[in-house]
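Just one chain is shown here, as structure tokens, and it is the form predicted alone.
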Amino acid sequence: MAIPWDLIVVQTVNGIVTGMILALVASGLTLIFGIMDVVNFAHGELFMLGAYIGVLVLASTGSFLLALTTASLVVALIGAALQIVTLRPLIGRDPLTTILATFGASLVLQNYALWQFGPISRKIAEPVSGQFHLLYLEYPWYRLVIAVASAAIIGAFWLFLKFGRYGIWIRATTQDRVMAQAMGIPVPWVHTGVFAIGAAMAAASGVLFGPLVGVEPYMGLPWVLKAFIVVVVGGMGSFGGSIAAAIFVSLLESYASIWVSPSQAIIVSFVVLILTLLFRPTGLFGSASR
């Protein structure tokens, strides 16, 4: 059966837009693992907290940009406190202890949101309204805004890693933690800063994606699950790999939804995950040492 080319174009745009917001979520997750060797199960809850803070700030000020900035900064501080209190004392212990610690933190944050905000879904108003013609569809402008904003945040962070002083410290810690500490780099505070940056990127994702879905205590679970798939497929600790894998997986799901329902198309992600683990356990862009 021939597939109309215009349907392929629409699904390609959908896949890229979804892939960019997923790349933003996964970038923070892979950054934390790449520097700290910590699998952060609380990442989805930081995504959710960012969306809730965005709801509160937007209701008070009416400024979406202020809501995005405030949510990122507040959740960054929460992430830093979480790393200092729960993860720093566990450095050097069995990795299972950090997994349990972040999983416990995710349950605490999730139940706090449920207690504080209730189970009723809340909505963030779209800062950019209107639609444009994309072949036979009326496509929302805001979806393109999400893709561009996500790309801008990821690009700014890449420049920070490449040229910023603290970014150089982060790259040095990634390559050799012991040598970086011997050269005078404060590795424990680099870990704290990295966790805070990863938390801020999760919060920004939550605010950006909030207008498309309801903001509720369990909203982070499906996204962090996809982010874990992306991190494994792209290569654990590979920043560029996670971005490429996010777009790749999202495009596959988008194309699969041509034949099956979107809920069934998610299966494609798990098939890609299984094939990656079977034939390239280090991921498409991961190093053999990982």
Partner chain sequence: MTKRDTRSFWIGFAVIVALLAAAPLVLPPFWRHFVTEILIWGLLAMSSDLLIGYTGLISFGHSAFFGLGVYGAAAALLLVAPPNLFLAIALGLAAAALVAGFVAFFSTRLRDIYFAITTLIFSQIFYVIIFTWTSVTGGENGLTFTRPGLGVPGLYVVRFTPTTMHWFVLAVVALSYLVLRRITRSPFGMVLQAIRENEGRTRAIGYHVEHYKIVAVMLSGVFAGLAGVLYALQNEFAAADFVFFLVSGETVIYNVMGGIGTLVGPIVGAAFFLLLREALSRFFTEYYLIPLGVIFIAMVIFMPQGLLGFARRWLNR
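Quick caveat, the model's predicted, so the values are computed rather than measured. Numbering follows the first chain given and starts at 1.
Another form, the form predicted together with its partner chain, is not on view; read the next lines as being about it.
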Within 4.5 Å of its partner chain in the model of the complex, counting heavy atoms only, one of 138 to 146, 120 to 128, 81 to 89, 204 to 212 shows up; tell me which. 81 to 89
Which of 196, 154, 74, 101 has a heavy atom within 4.5 Å of its partner chain in the model of the complex? 101
Contact assignment for its partner chain in the model of the complex, among 41, 223, 64, 255, heavy atom within 4.5 Å: 41
On the criterion of a non-hydrogen atom at 4.5 angstroms or closer, are 12, 56 and 219 all touching its partner chain in the model of the complex? no
Given that the partner is absent here, does residue 264 sit within 4.5 Å of its partner chain in the model of the complex, heavy atoms only? yes
Taking any heavy atom pair closer than or equal to 4.5 Å as contact, tell me whether residue 132 reaches its partner chain in the model of the complex. no
Using a 4.5 Å heavy atom cut-off, state whether residue 112 contacts its partner chain in the model of the complex. yes
Does residue 247 reach its partner chain in the model of the complex, with heavy atoms at most 4.5 Å apart? no
May I ask you to list the residues of 11 to 30 that have any heavy atom within 4.5 angstroms of its partner chain in the model of the complex, in sequence order? none
